[in-house]
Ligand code: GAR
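Given as structure tokens, the chain that follows is alone and in the form predicted on its own.
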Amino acid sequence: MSKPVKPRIAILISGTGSNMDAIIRACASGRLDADIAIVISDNPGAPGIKKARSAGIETFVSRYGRETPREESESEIADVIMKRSVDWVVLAGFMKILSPGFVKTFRGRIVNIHPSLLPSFPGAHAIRDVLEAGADFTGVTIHIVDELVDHGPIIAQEEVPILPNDTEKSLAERIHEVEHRLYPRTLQQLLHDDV
């Protein structure tokens, strides 16, 4: 009897790839039953690309918006993803706003993680924004991506309290702890229809 085929994912990153790292570890331990087909970055200097290569995962670096227009870059990324028969596109700190055309290509199959309790504090500076607002708590949101920024059906959320002496760095560290636990667990449920 043949083994069931694991869902295949492409992970998109821009920086250190700490959530990608958590996903790689979860796959290696069996907590996340998925194959990472490729890691894609818009940043040639992203430390996460080196981490992925060290883990033996295929990588692709796009010239997104540098030498190549956005539409061309996204078309190239979509082509790379489709050639690898990927089931899900997993955004893990990918700091580009995807066009409606890209979202349409993979509609309902792009998942993102965001460091706030959406719909509150969308955007690239959520941790700074929540501190400036004087909020008592923030959190982590995992959602399906649609054409709007930091929008789309929410799959999972977890609250993170804000402590009196929190800085961006200290709050980010506690948010990352939650992300690294919540993302692989939620992906396991999502990829295997348990949400």
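None of the values given here were measured: they were computed from a predicted structure. Residue positions are given as counts along the sequence shown, with the first one as 1.
As for the form predicted together with this ligand, it is not shown, yet the points below apply to it.
request  = Spell out, yes or no, whether the shortest heavy atom distance between I113 and this ligand in the predicted complex is within 4.5 Å.
outcome  = Yes.
message = Is T186 near this ligand? Define near as a heavy atom within 4.5 Å, in the predicted complex.
response = Output for T186 is no: heavy atoms all beyond 4.5 Å of this ligand.
ask   = Taking heavy atoms and a 4.5 Å cut-off, does H176 contact this ligand in the predicted complex?
value = Within the cut-off, so yes.
query = Going by a heavy atom distance of 4.5 Å, is A92 a contact of this ligand in the predicted complex?
reply = Yes, A92 is a contact residue.
message = At 4.5 Å by heavy atoms, is each residue in S120, N165 and E168 next to this ligand in the predicted complex?
response = Negative, none of the three is within 4.5 Å.
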